[in-house]
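Just one chain follows, in the form predicted alone, and it is written as structure tokens.
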């Protein structure tokens, strides 16, 4: 690439600026400094959760993705077997253990407001795998994208957007960014993954960068994860990789796509733009690891690492099969509290169904939530202090958006770029009147989509 750049002045300038971008971490506006509580669960090895001989409910729905069941009650399935078929925009779903299909119907999901159509499997305790086959050297990104959909690869860092849809049409990518920020308080599942499975992460990063033709691959990690940074750098040295690890400021929401692209690439995402529009591909570090396991070991996404923290005697990170009831994790965590918060305190939610199951986006369980998280207070009146404006990383006007949302002024919300809101919750946290800003914006965005 360097030789070609030297013979082409414009190519040389692009190479120069790309190289400079790889060295500089830029500041972005807004955000908040939070007490992270990560010491509760960090520094311990990832534990594997045994699959007990109980019913599991494996969701066929993930975000807006929905698969059609392809198994029937009474049928025996093996671990990794396809139980739900998707199309070009919907993920396939796989059994997370072996057993007998009991039924197909709605099930409560830990981090979802409404029940999801699910396949109920009576686990037999054998955890018997299907025969696994790795992908034979894909020739195009399109081929890899289709494979990712068939392997059920959802994004593991937030909304669960299908990895295959992110990769589709990404041939003109010159920056590959790996999001290892994990900026939400309490969460350490990505930290644990980077510390223990760095080799697979770097192998997958090199594989994907080569397929994309990306000239630069950067991993952004907050500075409060020194062991993860050291593990990644050691893996890079062992692999002889060109991947670089960049330490980013410990300021929420450093892991948001617009913040990460700005900090590491120096490129700005306009409202409504995706990273691909500016030549950048962004994947969460756990999503990249899952892609590596799918390609190199033929494993579909049937488990994820969940942080167990808060008021429990055995906090840490556990690899959990998808569809396992949340109640099964209390014993592993050494928790007795039924007051559980799912996900991080900023973007997560209270567990409102004790029978709920773990999904692909269930990242964390905070036990004894009332002890650790601030209690909701009655909302007052806006005093026009502008704190919400100061902390908004997307340079929006939360107070004006809130007024338009309350009055259902949909045209005004569009004009004020409500779609650019990443729902980080920094505005709500900073509001002295305790106005439900984030929740109001989230509901208005749903109404706009409808």
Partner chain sequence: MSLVNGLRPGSVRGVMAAISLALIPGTLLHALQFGAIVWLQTGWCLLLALVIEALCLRLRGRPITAGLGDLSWLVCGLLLARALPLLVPVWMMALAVLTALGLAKHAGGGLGRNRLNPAMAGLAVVAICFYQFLYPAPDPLAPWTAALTLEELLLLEWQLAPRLEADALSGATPLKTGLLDSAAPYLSWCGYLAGGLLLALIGVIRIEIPLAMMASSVSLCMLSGHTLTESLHSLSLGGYMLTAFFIATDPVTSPDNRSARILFGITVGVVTELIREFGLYADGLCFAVLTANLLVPNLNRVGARLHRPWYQAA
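Residue numbers count along the first chain shown, from 1. Values in this document were obtained by computation on a predicted structure and should not be read as measured data. Here, rigid core means the biggest group of C-alpha atoms that superpose within 1.5 Å across both forms.
In what follows, reference is made to the form predicted in complex with the partner chain, a form of this protein that is not presented.
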Using a 4.5 Å heavy atom cut-off, which residue among 399, 413, 60, 49 comes into contact with the partner chain in the predicted complex?
399
Find the only residue in 269, 204, 351, 108 having a heavy atom within 4.5 Å of the partner chain in the predicted complex.
269
Does the trio 259, 390 and 434 actually contact the partner chain in the predicted complex, every residue with a heavy atom within 4.5 Å?
yes
Does the partner chain get within 4.5 angstroms of any non-hydrogen atom of residue 37 in the predicted complex?
yes
Even though the partner isn't displayed, in the predicted complex is residue 147 close enough to the partner chain, meaning a heavy atom within 4.5 Å?
no
Does residue 158 make contact with the partner chain in the predicted complex, using a 4.5 Å heavy atom cut-off?
no
Residue-level question: is residue 45 within 4.5 Å of the partner chain in the predicted complex, judged on heavy atoms?
no
Counting any heavy atom within 4.5 Å as contact, can you tell me which stretch out of 210 to 218, 224 to 232, 269 to 277, 74 to 82 lines the partner chain in the predicted complex?
269 to 277
Between 309 to 345 and the partner chain in the predicted complex, list the residues on our side with a heavy atom within 4.5 Å.
345
Taking the rigid core as reference, does residue 406 move its C-alpha 2 Å or further between this form and the one not shown?
yes
